[in-house]
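In the block that follows, a single chain appears as structure tokens, in the form predicted alone.
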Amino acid sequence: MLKKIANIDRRIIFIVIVLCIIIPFLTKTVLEIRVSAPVKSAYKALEKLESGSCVLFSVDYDPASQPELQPMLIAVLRHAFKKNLKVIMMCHWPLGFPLGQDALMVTAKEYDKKYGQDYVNLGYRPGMSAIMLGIGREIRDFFASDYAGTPVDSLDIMKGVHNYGDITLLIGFEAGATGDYWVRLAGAQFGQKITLGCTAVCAPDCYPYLQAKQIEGLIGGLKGAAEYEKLVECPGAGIIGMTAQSAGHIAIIIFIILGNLSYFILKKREKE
């Protein structure tokens, strides 16, 4: 029996992990979610804004980080639309545009929001640092039109929006170092209030910004997305995904424990 455990077929391990991930999605099993202080701060930063305030969303990730950041983006968009905030979306990653657009289409329909009046997607422009600095002067220098080529001056939402002074809060969804540049350029040089959402692997690098109060809040990884979903009372892929992730982790830990126990017991028997 111990030899079978020590030499378990890897295909069995793969099947168990797959089942641990699929079953929670099929049964919609939900675990208890405890909201952390950084996510609460991110929520409060948006919650305290007055109706009609302008919020800039920066979608800076690609499909590789979609499982972590897409649920987060949708949850924050729902919160913004629920508060009747004006949403301006842009991206520094080309592949972030379709992901941001999909999230907008889903959430805007839920809250009956109109394009050009309640939200706009400016799309992607190259030149990250130059854009961040340029928005401090005039956003139209880089985004004279939206993603479809519609002049921004013809959109009601963009009337009176020229620079960071007209943007109440900037929320960056980051899979890389773009968030660092937002803090250094938009935050440090123009005093722009910023909240960051990032992948779990990037979160430790962002905590110093939170501790130094250079950002208003931090949403880290799928767990952060699940916590935000709980706060806005809109359960989604984040909460269900955490159940699947936890089940997968438990299965891996059990396999590791069984493998090590069988190895050491067999090794001891060989010596005897």
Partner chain sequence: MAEIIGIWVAAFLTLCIFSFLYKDNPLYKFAEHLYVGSSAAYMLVYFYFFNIKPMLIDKFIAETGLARWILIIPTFLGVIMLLRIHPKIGWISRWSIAFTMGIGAGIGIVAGIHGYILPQTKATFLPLFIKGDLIQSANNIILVVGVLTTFLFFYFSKEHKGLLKPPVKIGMAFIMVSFGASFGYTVMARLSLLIGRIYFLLHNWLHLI
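Just so we're clear, the structure is a prediction, and the values are computed from it rather than from any experiment. For the two forms, the rigid core is made up of the largest set of C-alpha atoms that agree within 1.5 Å on superposition. Residue numbers count along the first chain shown, from 1.
This protein has a second form, the form predicted together with its partner chain, left out of what is shown; the following refers to that one.
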*Using a 4.5 Å heavy atom cut-off, which stretch among 151 to 159, 105 to 113, 75 to 83, 178 to 186 contacts its partner chain in the predicted complex?*
178 to 186
*Is its partner chain close enough to R11, I17 and Q211 in the predicted complex that each of the three has a heavy atom within 4.5 Å of it?*
yes
*Given that the partner is absent here, does V30 sit within 4.5 Å of its partner chain in the predicted complex, heavy atoms only?*
no
*asked:* Residue-level question: is P94 within 4.5 Å of its partner chain in the predicted complex, judged on heavy atoms?
replied: yes
*Taking 4.5 angstroms as the cut-off for heavy atoms, does F264 touch its partner chain in the predicted complex?*
no
*Mark Y124 yes when one of its heavy atoms lies within 4.5 Å of a heavy atom of its partner chain in the predicted complex, and no otherwise.*
yes
*Sole residue of L49, A203, L231, C54 within 4.5 Å of its partner chain in the predicted complex, by heavy atom*: A203
_Stretch 34 to 73 - residues with a heavy atom within 4.5 Å of its partner chain in the predicted complex_ = A64, S65, P67, E68
_Could you check, with the core superposed, whether the Cα atom of R34 shifts 2 Å or more between this form and the one not shown?_
no
*Core-aligned CA displacement of A247 at least 2 Å between this form and the one not shown*: yes
